[in-house]
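Let's start with one chain on its own, the form predicted on its own, as structure tokens.
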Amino acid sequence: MSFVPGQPVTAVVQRIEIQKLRQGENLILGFSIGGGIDQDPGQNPFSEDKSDKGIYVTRITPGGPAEVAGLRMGDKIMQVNGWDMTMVTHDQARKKLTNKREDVVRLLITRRSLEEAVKQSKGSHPRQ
């Protein structure tokens, strides 16, 4: 998904709800993130556009809450519990995801396969 700074972004999103796993004092999500406006976007292996400073899922714990909920490596996180994640630092994103007062994390994500499916469906049904 590419975008022009200052212009509206159109994205195909999917809702994912992750129930955190409690281990003692810790709440486990079962995934790691990369990216953020303070990071080098050229180092992001999931971004087609090497200027994209979004937050991406970089690792999924097999059998963990995120995998069970349907999150995939390479997913781009657009929102966390209603908070916009498109222009945040890595640390801001981490803090929103690991908030100890929330047992459930509701994500809006986009992934390449969702974008491609919509493009294919638009191409197979000509406009009238």
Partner chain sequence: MSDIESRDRRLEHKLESTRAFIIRSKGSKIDSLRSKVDLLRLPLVLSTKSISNRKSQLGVIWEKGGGSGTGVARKLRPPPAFDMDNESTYSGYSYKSSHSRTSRKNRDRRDRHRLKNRDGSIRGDKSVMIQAPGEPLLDPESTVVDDRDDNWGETTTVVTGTSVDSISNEDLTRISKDLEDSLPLDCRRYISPVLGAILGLISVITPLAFLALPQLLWRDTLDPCGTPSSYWLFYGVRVLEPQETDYRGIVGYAASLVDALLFIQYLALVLLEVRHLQPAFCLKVVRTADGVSRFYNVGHLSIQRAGVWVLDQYYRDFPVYNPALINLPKSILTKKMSSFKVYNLEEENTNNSTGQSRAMIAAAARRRDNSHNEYYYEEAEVERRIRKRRARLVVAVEEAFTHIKRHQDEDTATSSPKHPRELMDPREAAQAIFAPMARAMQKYLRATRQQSYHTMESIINYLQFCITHNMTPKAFLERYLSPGPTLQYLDNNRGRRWTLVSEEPVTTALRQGQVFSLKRLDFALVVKVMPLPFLDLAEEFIDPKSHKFVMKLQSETSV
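Positions refer to the first chain, counted from 1. Since this is a predicted model, take the numbers as computed values, not measurements.
What comes next is about the form predicted in complex with its partner chain, which is not displayed.
The three marked residues, Q43, R94 and T98, each reach its partner chain in the predicted bound form, with a heavy atom inside 4.5 Å.
In the predicted bound form, its partner chain sits within 4.5 Å of a heavy atom of T58. Contact annotation: D38 falls within 4.5 Å of its partner chain in the predicted bound form, judged by heavy atom distances. Though the partner is left out of this view, H90 does reach within 4.5 Å of its partner chain in the predicted bound form, counting heavy atoms only.
Taking the partner from the other structure, its partner chain in the predicted bound form has a heavy atom within 4.5 Å of a heavy atom of L29.
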